[in-house]
Ligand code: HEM
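Below sits a lone chain in structure tokens, taken as the form predicted alone.
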Amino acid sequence: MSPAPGITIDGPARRVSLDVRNPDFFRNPLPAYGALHAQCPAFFWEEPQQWYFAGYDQVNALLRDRRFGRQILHVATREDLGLSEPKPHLKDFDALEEYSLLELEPPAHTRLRTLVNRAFVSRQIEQLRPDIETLSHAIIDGFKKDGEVELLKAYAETIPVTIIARMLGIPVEAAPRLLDWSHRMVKMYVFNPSVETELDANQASTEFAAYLKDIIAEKRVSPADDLLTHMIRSEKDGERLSEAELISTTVLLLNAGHEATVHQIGNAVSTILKSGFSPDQLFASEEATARTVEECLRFAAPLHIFQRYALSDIELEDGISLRKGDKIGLMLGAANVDPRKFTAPDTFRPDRDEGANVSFGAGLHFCIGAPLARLELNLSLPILFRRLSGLRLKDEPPVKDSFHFHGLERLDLVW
């Protein structure tokens, strides 16, 4: 009998069969994660045909292990690795990925990240506090009298996309288009996207790049005090960002700057409302709020898998042999509920003090937007619960059929 719905485990062989489209799994992956931790936290996943790692220590270490990278073609050719040629119908999507901070390795990654990093350090982000507070209150003012709201579109989406657009210097009126392009593009990051998804993501990439090309041209003529102007003007070792690099970086910052935060706001509100804890207790002080936010990030992470390539032939300590070019999966959501790291990991405990979650990754590719995401969560959540006393779920929120990005389809609330 299967130890958890939707998963079959051969512990001694470290082989696992698991369908990510099984609703029992994607709605609540914690039972499957518990079974993996008990039997084989490192395993060969039959469906994608690659090794995955669920244990906290191993995920944390592999995220930092420079023998693995986000790309492989800087150290090998497609012919060497037997990789198929790029799909022509993904040309524009691939062009945006080519210079994405998320995909690059040093020295290209170092150069790009250095040019962008200044805007995302904590002391810079802290200056956004009044803007985030004012925006949160203004949005709630717009729906409070209604007595009900679908929170994702009305609140969770609006805050991060507005803030990142303002930071970059992109008109906030463009937010609906930015969200549409982003939603269509991130569907590419699930297992085995359909051809229809690929075509739509490529079309969104075409439109997104054309829009940003015009914005960048305007900024060159009329520079402003914003991140995009800073990236246009900044130099490192006498070099400036090319237009392709500017467009890729801006797309990444817009997509990553809101997509995961939207899911995390929704996941956190749902978790808190189901937890039995009083919001007055959870948000009693800035310290209590910060602990609550970190426990929400651990317990209901928005991103569950990050992938890496082996940059050479590697023999891991536990006897797993990898060839150069092999992909591995690092299960952030599972690492966050490893019983070897966290006591009663399937329990939401806002006073938990057992070390950091890995929801923002670790190492070279640690999320550049983590300080911004944390600030948005630490402000928007307590404001929401304080403004709407008696807040409760209208019905059980449906979970997206998208394992990589763990989030809700919608979140209907009443008060």
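Note that the structure is a prediction, hence the values are computed from the model and not measured. In this text, residue numbers run from 1 along the sequence as written.
Same protein, other form: the form predicted together with the named molecule, not shown, and the subject of what follows.
By the criterion of a heavy atom within 4.5 Å, His37 is excluded from the residues contacting the named molecule in the predicted bound form. The closest non-hydrogen atom of Leu372 lies within 4.5 Å of the named molecule in the predicted bound form. Contact check for Ser359: a heavy atom falls within 4.5 Å of the named molecule in the predicted bound form. At a distance threshold of 4.5 angstroms between non-hydrogen atoms, Gly333 is out of contact with the named molecule in the predicted bound form.
Residue in contact with the named molecule in the predicted bound form (any heavy atom within 4.5 Å), chosen from Lys187, Lys219, Arg308, Lys341: Arg308.
Residue-level contacts in the predicted bound form: of Leu241, Ile170, Leu297, Val161, one residue has a heavy atom within 4.5 Å of the named molecule, and it is Leu297. Considering the named molecule in the predicted bound form, the lone stretch of 135-143, 201-209, 72-80, 96-104 in range is 96-104 [heavy atom distance within 4.5 Å]. In the predicted bound form, the residues of 248-264 lying within 4.5 Å of the named molecule by at least one heavy atom are, in order, Leu252, Leu253, Ala256, Gly257, Ala260, Thr261, Gln264.
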